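Single chain ahead, written as structure tokens, the form predicted alone.
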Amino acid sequence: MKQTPFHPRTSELCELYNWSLWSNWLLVDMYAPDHTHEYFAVRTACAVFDISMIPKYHIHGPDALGLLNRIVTQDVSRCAVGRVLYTPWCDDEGKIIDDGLLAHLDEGSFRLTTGDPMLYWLEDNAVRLDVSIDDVTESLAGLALQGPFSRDLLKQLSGEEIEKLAYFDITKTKIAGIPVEVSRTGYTGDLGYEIWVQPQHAVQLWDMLFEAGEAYRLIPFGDFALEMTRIEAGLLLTDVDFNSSMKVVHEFQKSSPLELGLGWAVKLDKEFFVGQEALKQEKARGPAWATVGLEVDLNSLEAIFAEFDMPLYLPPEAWSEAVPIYSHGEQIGKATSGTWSPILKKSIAIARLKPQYAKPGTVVDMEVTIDAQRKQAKATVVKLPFYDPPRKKSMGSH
């Protein structure tokens, strides 16, 4: 088990020692007995999440742009220096392998973050190209500072230029004298930043943030709170909302970016990229699935619990088990993850449905299991994301 450079601080604060593993790195699930406190910090104040364990690759050299344009679905040539791009990447059949963020750091220099380790796959695609691929996962620490007061806190520590950082911009700066890179990105769907720092400065950065952050009620948050926020934001998670085509055997377990609602990130008119022809054919015939949001009817759900003489129970944790979705008794898809949204006061889920049932306002039935008895609650199809505050992209004050 690997420990991130922030472990001396996160381990002190993780009161229940509630950890899980992400690619063999220790990841805090929640710091205190109630993770909803961490959730509300993200939505109403500010909070930090240790993202050091995310796989990171520095791709640089004369053919860096050529390699990246060959493998990802976005057009990297349109990503200027100082900008960050969200992109999926696919296999030859147009099935998604993974997704991540691509930062254009300098001319011919990029950093790609991924969900799963991808070094071998990147190297396989770089044959005969003049490009270097460095795994910088362990040599670069990261913190996600998220929430409506994250800009105010960063401005206090780094200066006025942080206000000029637009959504999906990245810049080099200093925080309390510590050299860092700051990108206006995150996985919570809120105003937020990701801060990248050399490991030897990690603990000092943490201490500086928390000293200044006391005025903003800054606290750390773990994976349980992150799951709630990313579902509200309609952000997909590998191994939950889709499977990497490199991890599964059967075709029905694979998905394309078009089926996942990521068609906006697939530039079919650019130069050749892996999976391009298959995706062109899929777009022409129409994807077999659509990814949508569901809002569960609480009255319908409460009536099911009443059949068992039970009060309505809404678990505080997000869930990630596949749940069948029906229409008039026929299964039409599945919900892949969901949560009770405290800020929206709604029970919500991300689902993959047959396209004819994906129109917003369509009423479907979602399976509910109580004491091994299967029931169906009403749910309504809605567009993603569920939660999208203007401050996420806006400039200036929150």
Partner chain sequence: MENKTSERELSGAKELRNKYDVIVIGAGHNGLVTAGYLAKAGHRVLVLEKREMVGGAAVTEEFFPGYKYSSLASGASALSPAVITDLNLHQHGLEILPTDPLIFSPQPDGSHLTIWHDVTRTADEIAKYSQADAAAYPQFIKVLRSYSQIMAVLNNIPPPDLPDVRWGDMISLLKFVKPVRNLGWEYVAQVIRVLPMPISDLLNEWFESNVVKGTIAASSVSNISWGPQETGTAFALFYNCSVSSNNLFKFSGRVKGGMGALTKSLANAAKSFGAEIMTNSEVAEIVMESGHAIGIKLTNGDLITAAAVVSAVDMRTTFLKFIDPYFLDQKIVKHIQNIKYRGTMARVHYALDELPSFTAAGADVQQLISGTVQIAPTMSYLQKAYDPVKYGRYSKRPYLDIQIPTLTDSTLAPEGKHCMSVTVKYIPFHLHEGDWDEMRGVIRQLVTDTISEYAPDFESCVQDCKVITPLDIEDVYNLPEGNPVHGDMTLDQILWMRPIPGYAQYRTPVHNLYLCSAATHPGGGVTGINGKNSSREILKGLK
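Treat the numbers as computed from the prediction; the structure is a model and nothing was measured. Residue numbers count along the first chain shown, from 1.
Keep in mind the form predicted in complex with its partner chain is missing from the figure; the text below concerns it.
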Heavy atom contact within 4.5 Å of its partner chain in the model of the complex, the stretch among 290 to 298, 313 to 321, 271 to 279, 142 to 150 = 271 to 279
query = Of these, 124, 307, 106, 239, which has a heavy atom no more than 4.5 Å from its partner chain in the model of the complex?
reply = 124
message = Exactly one residue in 165, 129, 203, 84 has a non-hydrogen atom within 4.5 Å of its partner chain in the model of the complex; which is it?
response = 129
request  = Give a yes or no for residue 66: in the model of the complex, does one of its heavy atoms lie within 4.5 Å of a heavy atom belonging to its partner chain?
outcome  = yes
Residue 92 within 4.5 Å of its partner chain in the model of the complex, heavy atoms = yes
message = If we define contact as a non-hydrogen atom of the residue within 4.5 angstroms of the partner, is residue 70 a contact of its partner chain in the model of the complex?
response = yes
